[in-house]
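In structure tokens, the next block holds one chain alone, the form predicted on its own.
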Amino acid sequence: MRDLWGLMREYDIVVVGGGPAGCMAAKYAAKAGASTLIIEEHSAIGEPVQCAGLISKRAIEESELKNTGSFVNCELKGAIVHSQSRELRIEAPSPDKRAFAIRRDIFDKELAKAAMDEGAELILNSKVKHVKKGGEREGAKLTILAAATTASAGVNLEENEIKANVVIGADGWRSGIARMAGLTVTKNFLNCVQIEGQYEIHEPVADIFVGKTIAPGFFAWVIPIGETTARIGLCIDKRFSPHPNPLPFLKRILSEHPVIAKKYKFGTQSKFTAGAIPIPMERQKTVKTENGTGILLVGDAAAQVKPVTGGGVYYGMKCGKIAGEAAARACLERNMELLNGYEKRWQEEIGAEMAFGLKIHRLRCVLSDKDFDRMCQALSKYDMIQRITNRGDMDYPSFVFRELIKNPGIIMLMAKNIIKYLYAERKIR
């Protein structure tokens, strides 16, 4: 790692943001032979943590990290979905479909190390203030103006110039790179809060709580991370919520929910995090090329998340690999038109899944607490449980939802809510 004054002044690719998507993009760009720099605004990779930290075995494999023991808290063997008055238990049919609670800060640090092992450089405590097209003398280059975020970084707080052919924006849901490039991938977000605290845990399963009064437009969760500790959180879609702030909902379930309040040891909160999850639009553009330069968006900056679960780590890493490869090839072959292949490839990989997930999200937003009860009742039949168990996939949830909507009870529920669904569709666009 270097400071701003110790950097080269010119790179093929600059990646803004050192999360999973950015680190994977940098790794694959450097691996392909492109000079690559990661700029991270915080003082440490992976901090502050703004994630529930639940990922699949497939996501761990996608990370290509070998020392999983350094970041895995525990392995979960299934989930229990709680509606207002019903429970639906879903077991993982095999170890391949189990989920893992992880330490995101350590996970992200390992990804950054893997990128640097391939030759990428990293600077911390540095924020990109502006990206602009270089002058005529500089040819086809972007000028990135970056400054140290704190004096403790040991560098001058004035802006410094770094030049690159391609900038990859992996700077999260409030992406400054997207704004500078004039790229809009979403206008709407889920607002989320989470704590860690002592919790009565009987088995290694995730608890999911659905209902308009629990978490309007999304759900609440309890994720075990040890024998007596859990992460408890929720997200809301404020367009369908009586309050725009998710914190009152969290406080209420901690003190009043018949399951959570009974098991949570009040006053043991050790960590608090808050953040947002982008809700993707149906049509979004993540590439901009101009005069021999290019800007790409990846991860949360590109709203590459699962609308059903809000997860973005797996999609971000998958798309990060594609972005890094495309950017390196465009730079090495001096053909920025090759960047357009990035958008085509990632859309082919996850575009249909995201589009279907948006439909499920719209339906979820209009269901009442009684509707969720009816849904759990319809799905509790043995054949439906078997379908969910066999087809369930947290990275590709449309597999199981396509099976569920064939159920007569679910069809009746959807028909009952069709008017509200169509209204939600207009509201969510």
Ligand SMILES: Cc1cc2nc3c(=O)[nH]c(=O)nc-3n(C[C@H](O)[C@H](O)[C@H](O)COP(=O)(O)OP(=O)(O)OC[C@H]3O[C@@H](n4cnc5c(N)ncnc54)[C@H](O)[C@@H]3O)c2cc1C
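Numbers for residues come from their place in the sequence shown, where the first is 1. All values reported here derive from a predicted model rather than from experimental measurement.
The protein also exists as the form predicted in complex with the named molecule; that form is not presented, and the subsequent description refers to it.
With a 4.5 Å cutoff on heavy atoms, A355 does not count as touching the named molecule in the predicted bound form; it lies far away. Taking the partner from the other structure, the named molecule in the predicted bound form has no heavy atom within 4.5 Å of any heavy atom of V14. Contact annotation: V308 falls outside 4.5 Å of the named molecule in the predicted bound form, judged by heavy atom distances. The named molecule is not shown here, but in the predicted bound form it comes within 4.5 Å of a heavy atom of A276.
Highlighted residues S85, F209 and P246: none comes within 4.5 Å of the named molecule in the predicted bound form, counting any heavy atom. The single contact residue among G312, G197, P216, P280, judged by any heavy atom lying within 4.5 Å of the named molecule in the predicted bound form, is G312. With the partner omitted here, the stretch from 370-378, 54-62, 28-36, 357-365 that lies within 4.5 Å of the named molecule by heavy atoms in the predicted bound form is 54-62. Annotation for 218-245: the only interface residue with the named molecule in the predicted bound form is W221 [heavy atom within 4.5 Å].
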